[in-house]
Each structure stands twice: as C-alpha cells, then as structure tokens.
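A lone chain, given as structure tokens: the form predicted on its own.
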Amino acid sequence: MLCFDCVIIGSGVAGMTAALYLKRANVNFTLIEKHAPGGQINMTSKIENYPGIETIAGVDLALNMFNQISNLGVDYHYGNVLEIKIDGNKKIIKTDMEEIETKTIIIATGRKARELGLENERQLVGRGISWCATCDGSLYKDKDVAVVGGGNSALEEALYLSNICNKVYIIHRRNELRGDQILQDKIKVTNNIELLYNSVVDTLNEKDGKLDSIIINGNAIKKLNISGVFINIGHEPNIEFVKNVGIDLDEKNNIIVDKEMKTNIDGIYACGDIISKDLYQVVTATSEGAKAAFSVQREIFNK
C-alpha cells in the first residue's frame, strides 16, 4: 500500500494550489483526481476577474496551473475516491484503483452541476444536453440553442454561444437575472439572445436519439425547436465519499471548516468550492488551497 503524509483529493484550482505549496514545503504527498485537472474552470469560457490576468480561458488557466505543478514533480494519481476509513491516526483512502494510507487529507473536490431532473435528461447527454458551452458549443454552430439559468455562469455561457449559434434563448425561472450587471448589459445588446423570464423547461423532446425540441412552462406553454440545452442552475458539493466519516456539513451539504481550513475530524482539511462560504470564485479557491497546505505543513512538521 502506498503511504504519504498528505493526500489531496481533487485537482481543481484549490487542490492544485495546495499541491504547489506542499511541494515547495517538501511535504510527502500525492494528488488524486478522477477527471481532467482544473475542475469547474474548464467549463468557464472566459475569466476576467482574476488579479493580474486581464482575460483568460478557464481551460488555459487550468492547464497553466497543471503544468506548473507537473514541472515541480508533483505525484499524481488518477482514480475515483470511494470512501475514507479512519484507523487511529491513520487514514485509508479507497479508490476504484487502489488504497492509499495517509496522515492527513485535503478535500478539494469542488461541486458538480445540478441537473434539471427531467425524464430523459441523462439519455440525451452529448446528444443535445450539456453543462459546458466551452466544451460542446462548436457542435451547435449556426443552430438554435437554450441556456437554462440566470446567474453569472448562465450569462457567460449565453454570450459565448451567441458567437457560434444562430439564436440563443435564456430560460430563467425568475423575473430578473441574477448575474453581474456588466454581463446583463452585454446580454441586452446581443441581437441573437432572447430572454424568457418566469419559465422552466418542462419536457425534452427527442427524435432519432437526439434533442429535437423542448416545452417550456411559463406565462404560457411554449415549444422551442432547438438542438441544444446548456444547463446552468447551480451546483452541489461532491461529498459522496465522506458521508461515513462524520464530517460536519451545513444545510447545503458543504463541508464546514475553521479559518485554518480544518474540519471537525483531526487531520482532515477542506478547501475550494466544497466548503461552506459566501463567495465561490477562483481567487478565493486559491487562497483556501494555500491555507489548507500551510495548516497541513504545520501539523506534519510539528509532530
């Protein structure tokens, strides 16, 4: 069995920042990830609020971070963490590939996108249903699509798609958008974007195994003949593997930490979008990753 002083679970912004700091401190650790490095920022077409960088594609920022830690020689394992077992001061992380023993853990698994919860939604993933315009937008060039949601992510996706698609509908269940004003202003002057307020997607219609149209329920029931739906209705934390550990969670299932990123379980820390906080941004995730790494470093070298 592999043994480390620390294991970071998740290679999003917070996880990679923690890895950068632990490596510089010469801590014996590894990083586990089940998907591509970068997490949610891979789905962000453009980041314009990170200090020192005027504008950058999310996937490019993720690649820059990954190259940075790779060049430092960070130990990296692919795998899906299934559970954590605590045995005294030892912690056993079980993945679908192996088991790893460690003294400390940093949980940085972030959040996953919420689904609409419609009957054939999962079957249409990749055939008309998507959560990432940056990833899949090119598949709908010159076609009509819809974005569901009214926050920053939804508005950014709609603006990105407006440069590719014939028409973009924004379907929002409230009577006003929730995104930043600068994004709302851009939306309102983009000719091929149409706002549909007080509306929800009720039905996904398919034809030949692909999305053919949708039915929305709002002020009136309406059918939209569209080829793609991009869902941006919020996120929920990736916490399935910690449910048996006894980590304290808030009412939204986010992990509760103190100012040092410590959970209520000795030796387990958390950072990034998985924790209970007010602001979910790249800049806060990097800060929390650095704090978690410093706390782990202090715990390991003080014992």
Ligand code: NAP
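Note that residue numbering begins at 1 and tracks the sequence as displayed. Source: prediction; values computed, not measured.
Not pictured, yet referred to below: the form predicted in complex with this ligand.
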- Query: Taking the partner as it appears in the predicted bound form, which of 120-128, 206-214, 177-185, 137-145 has residues with heavy atoms within 4.5 Å of this ligand?
  - Reply: 177-185
- Is S153 close enough to touch this ligand in the predicted bound form, meaning at least one heavy atom pair within 4.5 Å? yes
- Message: Does any part of L196 reach within 4.5 Å of this ligand in the predicted bound form? Heavy atoms only, please.
- Response: no
- Message: Using a 4.5 angstroms cut-off on non-hydrogen atoms, would I233 count as touching this ligand in the predicted bound form?
- Response: yes
- Would R111 count as a contact of this ligand in the predicted bound form, using a 4.5 angstroms cut-off between non-hydrogen atoms? yes
- What is the one choice in R173, K167, H77, K94 with a heavy atom within 4.5 Å of this ligand in the predicted bound form? R173
- Task: Scan N64, N49, S70, N28 and let me know which has any heavy atom within 4.5 Å of this ligand in the predicted bound form.
- Result: N49
- Task: Could you list the residues in 1-40 that come within 4.5 Å of this ligand in the predicted bound form, counting only heavy atoms and keeping sequence order?
- Result: none
